[in-house]
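Just the one chain here, the form predicted alone, laid out as structure tokens.
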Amino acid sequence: MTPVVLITGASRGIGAATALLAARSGWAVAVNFASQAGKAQAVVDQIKAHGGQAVALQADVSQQEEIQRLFADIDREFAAIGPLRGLVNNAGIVDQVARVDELSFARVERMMRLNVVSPFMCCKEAVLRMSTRHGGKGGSIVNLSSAASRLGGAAQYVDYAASKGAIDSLTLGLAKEVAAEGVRVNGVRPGMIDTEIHASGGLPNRVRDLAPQMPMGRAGTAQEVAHAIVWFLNDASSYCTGSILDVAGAR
């Protein structure tokens, strides 16, 4: 049987890079996407071209019923392949640059729904399948945080930074909660990474503009973050739980 990993928001960026690397490491991959079906299928096709196993599964993980449907789809699609043994909570959003005194209720609610509530509920579904308390055989959860959780995001994304601070707390608390049940929970905090997320936040040139100010003189890549995530997924990190690894180039 092949272990199965769900990667949310895996059609592009860090999620896509993680899906490709996880497949090369022996995982069967559930490639979740919300709307970009073509990009998700391209990731699946790349995995299959190298002999791996993957399925693209649509679900808006900001919605409770779609999370439940997503996990039910995984149970069905991978029934003959293997059990769910991994979860990467990668899906997330930023928004336009704004001060706290400019934020709307709707913006903050949307941010917290996808960046905080979704990982909580995905963790719940994963634990129900992985934990020995529920008849599972163990597994590994990796939560994507951000260096913003310790930098604060002042005058730009305080709401985003706060959402990632919540992910740090989720990682630490859940790790202790399920440590004796065969489930490890760790986090990865990327710094300035060259992905499309900056454009979605209204700053398409952010990496180019800020890279010279980075301690290493450059931004990181999605592949560099993916290596940290997959290390936590695999048994090489078997005594790591409740750990949060910065992949931020000393930022």
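Numbers follow the displayed sequence, beginning with 1. Quick caveat: nothing in here was measured; it's all calculated off a predicted structure.
Just so it is clear, the following notes concern the form predicted in complex with a small molecule, a form of the same protein that is not shown.
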ask   = For the spot marked by Ala10, Leu114 and Met192, is every residue within 4.5 Å of the small molecule in the predicted complex through some heavy atom?
value = yes
task = Scan Leu84, Val178, Cys123, Ala91 and let me know which has any heavy atom within 4.5 Å of the small molecule in the predicted complex.
result = Ala91
remark   = Interface check vs the small molecule in the predicted complex: of Glu196, Asp45, Glu65, Asp209, the one with a heavy atom inside 4.5 Å is Glu196
task = Answer yes if any heavy atom of Val55 is within 4.5 Å of a heavy atom of the small molecule in the predicted complex; otherwise answer no.
result = no
message = I'd like to know if Gln41 sits close to the small molecule in the predicted complex, meaning any non-hydrogen atom pair within 4.5 angstroms.
response = no
key: Distance check, Lys164 to the small molecule in the predicted complex, heavy atom within 4.5 Å   = yes
query = Is there a heavy atom of Ser35 lying 4.5 Å or less from a heavy atom of the small molecule in the predicted complex?
reply = yes
One stretch from 143 to 151, 95 to 103, 74 to 82, 123 to 131 that, in the predicted complex, holds residues within 4.5 Å of the small molecule by heavy atom = 143 to 151
